[in-house]
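In the form predicted alone, a lone chain appears below as structure tokens.
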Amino acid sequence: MKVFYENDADLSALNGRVIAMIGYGNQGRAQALNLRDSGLNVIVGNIDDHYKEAAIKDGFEPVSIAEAASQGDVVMVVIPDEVQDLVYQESISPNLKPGKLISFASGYNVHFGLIVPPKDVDVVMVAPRTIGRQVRIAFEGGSGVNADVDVWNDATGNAWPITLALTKGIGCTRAGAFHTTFATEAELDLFAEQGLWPAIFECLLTAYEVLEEQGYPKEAIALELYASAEPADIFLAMARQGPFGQMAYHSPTSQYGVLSRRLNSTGGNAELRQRMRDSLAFIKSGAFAREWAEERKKGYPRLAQLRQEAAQHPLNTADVAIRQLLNGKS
């Protein structure tokens, strides 16, 4: 797998080019500020909302999305996946003149055919692998975060130099930018959200329910399971030393308990494996993309129901209680 670093990218590929950041949310703000701090010419296109106000406070002069797409030689789309196709059709597509470059922060819409850019523009992906806040924090600290990058269509012959220049301007070549296809990025991202994290959430909630049934104090359960930030520390150590390498930081009791009970799980691995295979097949078929598009058209009724159900879980009561204790309130 090809990985690009600082010496592989040259910011001069963006000389004389206007970069239009479409959206000033978490990723848009971080990327726009990083690119500007890298000495590049950045404008912001955003609707009239609090993100526009944030852009003004940061020294930008936001314009409409259509105007930004018209002015920009490079158009960076960092708005949420579910609204991209509508915004693209209404405000971006009419302003994509031949020779421009459009960059997506996810392969989702292009890969699943929800957006079909014209053949006479460069189509690329620059997708930082973490939240926008961390993209900015890392950059300001002199480091960067990893990214996935790809070129879907190279109409001008300059798509790769510009893609790598954008990646460098954001700070991602400091950590390493991985050449990953639109399809791989989109499908792996969805799989983590639909295959891995639901399993983790289910384990967390089930553990809480079992322990509460057995009479353990809800605050003690929450502290043990997540509120102490131990799981966050473990995941951070995994990122640096690997899942098994980080076990050296745990006691022999912990190591034995984790490794022996993982192997002793009865039937769980087979069931989990099949659930994950089913999730991946659903994603790859495009069925999820169609389901999510239909949910949006209906006004997100299922999402509202799921959020309401999540808010009613008894773990929320424990969370309030442990937060009060952690903040010194009784």
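The shown structure was predicted, so the numbers you read here are calculated from the model rather than taken from an experiment. Don't overthink the numbering: it's just position in the shown sequence, from 1.
There is another form of this protein, the form predicted together with a small molecule, and it is not shown here; the text below is about that form.
What stretch, of 269 to 277, 32 to 40, 286 to 294, 45 to 53, brings heavy atoms to within 4.5 Å of the small molecule in the predicted complex? Looking at the partner contacts, the answer comes out as 45 to 53.
If you check Pro198, Gly257, Pro217, Pro80 against the small molecule in the predicted complex, which one has a heavy atom within 4.5 Å? Only one option qualifies, and that one is Pro80.
If you check Val149, Ala222, Ile102, Ala105 against the small molecule in the predicted complex, which one has a heavy atom within 4.5 Å? Spelling it out, the residue with a heavy atom inside the cut-off is Ala105.
Quick one: is Ile131 in contact with the small molecule in the predicted complex, heavy atoms, 4.5 Å cut-off? Taking the distances in the predicted complex, the answer for Ile131 is yes, it comes within 4.5 Å of the small molecule.
Answer with yes or no whether Ala69 is in contact with the small molecule in the predicted complex, where contact means some heavy atom within 4.5 Å. Ala69 lies outside the contact set for the small molecule.
Residue-level contact is defined here as any heavy atom of the residue lying within 4.5 Å of the small molecule in the predicted complex; does Leu96 satisfy this criterion? It does not: once the small molecule is placed as it appears in the predicted complex, Leu96 has no heavy atom within 4.5 Å of it.
The small molecule contact at Ser64 in the predicted complex, heavy atom, 4.5 Å: Answer no; every heavy atom of Ser64 is more than 4.5 Å from the small molecule in the predicted complex.
Suppose contact means a heavy atom within 4.5 Å; in the predicted complex, does that hold for all of Tyr24, Gln27 and Val87 with the small molecule? All of them do, each having a heavy atom within 4.5 Å of the partner.
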